[in-house]
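Just the one chain here, laid out as C-alpha cells, in the form predicted on its own.
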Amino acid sequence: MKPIIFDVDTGIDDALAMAYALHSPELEVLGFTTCFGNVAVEDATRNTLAVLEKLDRHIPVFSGASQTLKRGEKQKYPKHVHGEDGLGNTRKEVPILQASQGKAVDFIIDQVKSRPNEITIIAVGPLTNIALAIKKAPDVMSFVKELIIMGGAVKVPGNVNPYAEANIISDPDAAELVLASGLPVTLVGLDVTMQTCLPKAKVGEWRATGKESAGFFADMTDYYMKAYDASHPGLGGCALHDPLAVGVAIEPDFVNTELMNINVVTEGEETGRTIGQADSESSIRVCTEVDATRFVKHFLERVI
C-alpha cells in the first residue's frame, strides 16, 4: 500500500476523489488536510467529515490554511459550480465526526518525518498547506516521496480565465514556492483532466442502486454537471479533475508525462499562469496525455 496524505478543499470533485481513494486498496490514506479553495476552510473541513460519514470511514482530518500565503483571505468562492455548501447543497446536517486536534501543516511534517521517502501527498486544492510546510520544515519536506498536484494548465487555456487554472490562481505565491522547491512533483493539470468525462448516465446508475451514499454522490454530481452544461455545452457530463490525481497515484501509467520546469506568473493580467519549459533535469513531471477511457472505467469500478 502507498501511504498518502490527501490535501483537499472539499467541493464536489474532491468528494468523488475521496471516495475513489478510500475504495482503492493500493492506497493507505493516513489523513486529510483541508484548505480554503472551492469553499472557506471551515466548510472544506465540514465537507470532508461529511463525506467520511457517508462512506463510514474514520480517517483523521486536520484543518489547514484559511487564507493565501501572502495576499490575505480569498473573497469569492465558486458557488455556481459547487453550491452554497460546496457539495451541491447536499449537506443537510452537521457531521457527527470531529476534526482532529492540531494543525494541517504540523500533521504533514510529522508524517513525513516519521516515514521519510515513503509519503505521497495528493494535493487537489490551492497549495498553501504544502507551501507552509516547506517554509516551516524544508529539510523534513525534502523527504516527501512524491507530490501529486491537481493544478495548472501548461499547454491549454485556464478554466478561470484564458491563462489560469483555479487551484493555482487561488494562491499563485504558494504554487510558485512549491513548484520551485525541488520536490518530486507530478502535475496533473487541465492538459489531461479536461480529456476525462463522467457521463450523465452513470450518475443515474448510482442513484438506481438505492444506496444512501450513492444517492449522496449522485445528487452532488448532478449539481456539478449543471455547471458544466452552462460552461461546456455538449460535453454530456463533467471532467474528473481531482479523481485523476488519485488515479495517477494508483496507476501512474494512466498518463504520459514530460519533464519540465514550471514558472508561475504571480503578477499582472496572467497571474496564475503555469509556463512550462522542457528540462530533462527537472523534478517536475507534467502530465500531457491520458488514457481517459481506461481511467474513467477504473474510477467507475470503485467510486460507489
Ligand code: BDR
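Being a predicted model, the structure only gives us computed values, none of them experimental. Numbering starts at 1 and runs along the sequence shown.
The same protein has a further form, the form predicted together with the ligand, not shown here; the description that follows concerns it.
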Heavy atoms within 4.5 Å of the ligand in the predicted bound form: which stretch among 160-168, 174-182, 110-118, 207-215?
160-168
Would Val124 show up as a contact with the ligand in the predicted bound form if we use heavy atoms at 4.5 Å?
yes
is_contact(Asn47, the ligand) in the predicted bound form, heavy atom dist at most 4.5 Å:
no
With a cut-off of 4.5 Å between heavy atoms, is Lys54 one of the residues that contacts the ligand in the predicted bound form?
no
Would Thr274 show up as a contact with the ligand in the predicted bound form if we use heavy atoms at 4.5 Å?
no
Give me the residue from Met150, Leu87, Val192, Ala104 that has a heavy atom within 4.5 Å of the ligand in the predicted bound form.
Met150
Heavy atom within 4.5 Å of the ligand in the predicted bound form - qualifying residues of 231-253
His241, Asp242
